[in-house]
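This document opens with one chain alone, in C-alpha cells, the form predicted on its own.
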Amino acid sequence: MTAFKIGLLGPSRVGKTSLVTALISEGQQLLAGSGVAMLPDGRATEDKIADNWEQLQGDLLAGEFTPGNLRGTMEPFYFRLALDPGVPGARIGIELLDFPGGWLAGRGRSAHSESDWDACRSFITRSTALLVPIDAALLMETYEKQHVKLLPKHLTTTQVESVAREWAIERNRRPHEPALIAFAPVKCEAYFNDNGGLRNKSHLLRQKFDEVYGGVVAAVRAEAPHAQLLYTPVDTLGCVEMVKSDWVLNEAGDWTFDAKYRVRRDRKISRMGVDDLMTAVSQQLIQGKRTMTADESADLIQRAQQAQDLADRSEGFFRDVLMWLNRERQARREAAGRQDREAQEAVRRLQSLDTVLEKIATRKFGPRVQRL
C-alpha cells in the first residue's frame, strides 16, 4: 500500500498532535455513511491518538483547557492511517510525521538527534502536502515590544521558512505531483464568532499572520509557483473561551507564554475549520491517486493486451497443433484472462477511489479559508 506523505512543521507545543487528532476525527465524520472508513494503521498510531484524546477529554471534564499542559512529542512519530473503501487492494495509506518542535532550532537538538532530524527533513521535502500549525493566541495576545521581539524565536519562523523553502524547491522539481501548503492558525476559538465565540477578531488575526509569516509565504511562492497556498484557521476544541494569557519570566530567566481557557457549559467539541483542511488534503489525494492509479491501470491493460496477443498469435500449422495437444494454447488464454481481470480491477479501484475522495474534495471551502 503506497502512502501519501503529509509533513507537519511547527514549534514545540503548538498543537501538532492535537491537529492530527482533529483531522482524523473530522475525516471520520465526513466519511460517515459513505461506506469508507478512516482507520489507524497500526497499534502505535491508535495508542497515540487515544492518549491525546484522553488528555483533551480530561481538560473538558475539569472545565479548564490549558494547552501547555498537553504532553509534547519527545521523539519523531509517524501517524499511519488508511482510507479503506472496502474494495480489496484499494486502501489509501496516509503518513503524517510529528517531531519534537524544539528540533527546528539547532539549539534544541542534541548530537545524537541530528540523524533523526535529517530523516524528518527528508520526509517533509518528499511530502506532497505540508501543514504549518500556528499558535493564534501567541500572535494575538502579544502586545509589549519586549515580547513582540520574541515571536520569531517562539514561533521559529526563520527555521520554518528554511524548511518550507526546501519543501518548495523539491515540489518545483516534481511539477507533475500535487503540492499544498496550509498555514493553520490553531486555538482560534477566541478570535472568531462563527462557532459560539463572543468576538470576531479574524481580520486582525490575518493581519498578524501576514506580518509574522509573510516571509515564509513569499519564499514558498518564489520556489514553487504552482503550489497551492492556503490560510486555514481552525478551532482546536471550539467549546472553550480564553480567560487569561500572559508572558511569564521563569526561573531560568526565559520568557514563556501561557494561556488558559474555560470550557463552555455544553462541552461539545466543534472543530470549525478542520473540515476545510480535510477538503484541501482530499484534493491533493485524489489528484495524486488518479495519476498513480491511472499509470497502474494503463500498465496492466497493456500487459493484458500483450498476453491476449500472445494467446491468439499463430505459431504455424504444426506448432499450433502441438500447442493445442499439450494445452499450451489454453494456458496462454487462461493467463490472458487473468491479466484482463487484473486490468479491470485496477480500473474499478480507480473509479471507487475517485468516488470516495470526491465526496470530500468537491466540497466548497468555508468563509475562513483564504488563498495566499
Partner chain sequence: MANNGSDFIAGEIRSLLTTRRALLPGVQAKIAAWRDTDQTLVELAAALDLLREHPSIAAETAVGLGFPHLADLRSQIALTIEQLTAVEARYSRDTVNVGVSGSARMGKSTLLQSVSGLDDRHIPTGKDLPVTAVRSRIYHSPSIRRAVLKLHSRESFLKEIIQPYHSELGFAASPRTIDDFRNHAYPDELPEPSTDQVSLLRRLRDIHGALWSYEKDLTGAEMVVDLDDLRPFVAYPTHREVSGDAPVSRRYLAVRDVRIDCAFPHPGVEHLGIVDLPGLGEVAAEAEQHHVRGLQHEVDVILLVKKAVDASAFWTAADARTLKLLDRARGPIRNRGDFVFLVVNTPLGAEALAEPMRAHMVEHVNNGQPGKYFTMLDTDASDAESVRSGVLRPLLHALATRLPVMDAEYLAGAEEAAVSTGASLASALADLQEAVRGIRSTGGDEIESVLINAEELREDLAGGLEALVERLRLRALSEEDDPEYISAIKGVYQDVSDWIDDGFGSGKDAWITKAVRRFTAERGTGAFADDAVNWIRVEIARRFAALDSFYSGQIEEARREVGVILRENTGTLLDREGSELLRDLADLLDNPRRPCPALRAAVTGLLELRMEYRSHLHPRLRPHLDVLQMSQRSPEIRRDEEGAHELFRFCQEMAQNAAHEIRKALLDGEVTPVQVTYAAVEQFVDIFIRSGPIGDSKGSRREFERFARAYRNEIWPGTYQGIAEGNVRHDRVQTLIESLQRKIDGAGRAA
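Numbering follows the first chain given and starts at 1. Keep in mind it's a predicted model, so treat the numbers as computed, not measured.
What comes next is about the form predicted together with its partner chain, which does not appear here.
J.: For the interface check, one of 216-224, 275-283, 133-141, 155-163 should have non-hydrogen atoms within 4.5 Å of its partner chain in the predicted complex; which one?
T.: Checking each option against the 4.5 Å cut-off leaves 133-141.
J.: Is the gap between residue 241 and its partner chain in the predicted complex 4.5 Å or less for some heavy atom pair?
T.: Yes, residue 241 sits close enough to its partner chain in the predicted complex that at least one of its heavy atoms falls within 4.5 Å.
J.: Can you work out whether residue 203 and its partner chain are in contact in the predicted complex, taking contact to mean some heavy atom pair no more than 4.5 Å apart?
T.: Outside the cut-off, so no.
J.: Taking any heavy atom pair closer than or equal to 4.5 Å as contact, tell me whether residue 63 reaches its partner chain in the predicted complex.
T.: Yes, residue 63 is a contact residue.
J.: With the partner left out here, check for me: in the predicted complex, does some heavy atom of residue 121 sit within 4.5 Å of its partner chain?
T.: Residue-level check for residue 121: no, no contact with its partner chain.
J.: Looking at its partner chain in the predicted complex, which residues in 193-207 have at least one heavy atom within 4.5 Å of it?
T.: Contacting residues: 198, 199, 201.
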